[in-house]
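Coming up is one lone chain in structure tokens, specifically the form predicted alone.
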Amino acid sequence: MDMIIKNGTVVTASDMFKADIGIENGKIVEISGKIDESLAKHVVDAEGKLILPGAIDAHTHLAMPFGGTISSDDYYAGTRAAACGGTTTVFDFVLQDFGETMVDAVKRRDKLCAGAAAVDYSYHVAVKDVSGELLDSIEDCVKFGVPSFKVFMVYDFGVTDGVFYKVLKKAKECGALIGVHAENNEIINTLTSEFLAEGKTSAWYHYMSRPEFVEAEADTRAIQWAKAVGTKLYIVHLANKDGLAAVTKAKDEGYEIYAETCPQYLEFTCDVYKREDGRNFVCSPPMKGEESRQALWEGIKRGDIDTIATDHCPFQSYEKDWGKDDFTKIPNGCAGIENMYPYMLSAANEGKLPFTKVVEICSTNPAKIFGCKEKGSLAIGKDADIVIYDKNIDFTITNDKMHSDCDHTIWEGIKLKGYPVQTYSRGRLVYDNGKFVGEKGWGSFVKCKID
């Protein structure tokens, strides 16, 4: 064996137990009460600590063009930060160009990522054009190993209702999974125009132009279409109470509807947009009211929210300042890739959730939903993507401790109970007690297959 991690408490999506883990050639080869240390070249003592599967962040936007700039974390910086927060696989979004097949879009994007990523990665394709034979290229992409897609109901590159319907039908035919950014574009544009005309231009009006019902209405509409077509649907960054209620209803009716939320919606409310630095919190959908925040926590506990992801899309503070006097000029997005797993594990450490639930929604469920067969759990034959977590560390998030290229974080000053001390990617140590010790280009492209 190459390595044994011994004396720790193994955490799965369903259980916690004392065990040693044996690793060879990047895979888990043994899990048992006690493994003979003489069998391994290297032994790690995890006495008093938790041993967890690496997290999967299924929603990131690395080096993404938006609002006249590009998100500040490229594939190396973003995956480096991921590793230092215990995330060992990231899914990035490929934005299809007009006239481009889905597979060509993935190959184009992978030229930026291959040789740069510090942990393993995969993709979703954001669909823009299904004209001619491009709709059929969804099936080709499924066969290529990228079976998940996303449609935007907002922005100038968003799809029409008719295109969304066509994409859902094609997904039903070929086993693809469609994710949706659900907000009502027309209402947002109308409210935005009204506020600008009235001289209401602060960050607060970013929220006011996208209030609770704007997202909830679109969530409900998207679910209705998926139900009508008879295909599964994945709602990304769900942030509102009524939309969650629509998800719960569909699940109770037996439909395969998945919901993802993000840590920023669990921690912050729309009140952040009243702060002097409110523009730094601008993302879409925005943080909502306290009732929605509490509802999301309850949805996690009930199992109606299936995954946690980040929507990691940070921009530098000077770029955020472009919208100081006009909220429409603020690039949309916040950092979070390094904070997701520590934040959710801290919630477990404080008694809000079981540790098993955190593993379920941050690792096991994303692996199952998106078809990462080698990821998501500590089991024999799986990749040795492993996090060692110390429950006794008191950690305060400050930007100088983070490993992103962004010059600020919305998580500044948040106190966490417990923190990861080591991260292993396929058996290789990539993070060690506050320091990134991995390698640019170590990450591999994970091809997926959804059952």
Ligand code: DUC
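For every residue, the number given is its place in the sequence shown, counted from 1. The structure presented is a predicted model; accordingly, all values stated were derived computationally and were not measured.
Keep in mind that the form predicted together with the ligand is missing from the display, and what follows is about it.
J.: Here the chain is shown alone; which of Arg426, His61, His403, Lys49 has a heavy atom within 4.5 Å of the ligand in the predicted complex?
T.: Of Arg426, His61, His403, Lys49, the residue with a heavy atom within 4.5 Å of the ligand in the predicted complex is His61.
J.: Which of these residues, Asp311, Asp219, Asp92, Glu360, gets a heavy atom within 4.5 Å of the ligand in the predicted complex?
T.: If I apply the 4.5 Å criterion carefully, the residue I get is Asp311.
J.: May I ask whether Asn280, Trp322 and His408 each come within 4.5 Å of the ligand in the predicted complex, counting any non-hydrogen atom?
T.: Heavy-atom distance to the ligand in the predicted complex: none of the three under 4.5 Å.
J.: With the ligand left out here, work out from 251-259, 122-130, 301-309, 326-334 which stretch has heavy atoms within 4.5 Å of it in the predicted complex.
T.: Every other range fails; the passing one is 326-334.
J.: Determine whether any heavy atom of His181 comes within 4.5 Å of a heavy atom of the ligand in the predicted complex, and answer yes or no.
T.: Yes, His181 sits close enough to the ligand in the predicted complex that at least one of its heavy atoms falls within 4.5 Å.
J.: Any chance Arg109 has a heavy atom within 4.5 Å of the ligand in the predicted complex?
T.: No, Arg109 stays farther than 4.5 Å from the ligand in the predicted complex.
J.: Quick check on Phe395: any heavy atom within 4.5 Å of the ligand in the predicted complex?
T.: No, Phe395 sits far enough from the ligand in the predicted complex that none of its heavy atoms falls within 4.5 Å.
J.: When the contact criterion is heavy atoms within 4.5 Å, does Phe195 count as touching the ligand in the predicted complex?
T.: The answer is no: Phe195 has no heavy atom within 4.5 Å of the ligand.
J.: With the ligand taken in the predicted complex, which residues across 151-184 come within 4.5 angstroms through any non-hydrogen atom?
T.: Heavy-atom contacts within 4.5 Å come from Phe152, Tyr155, His181.
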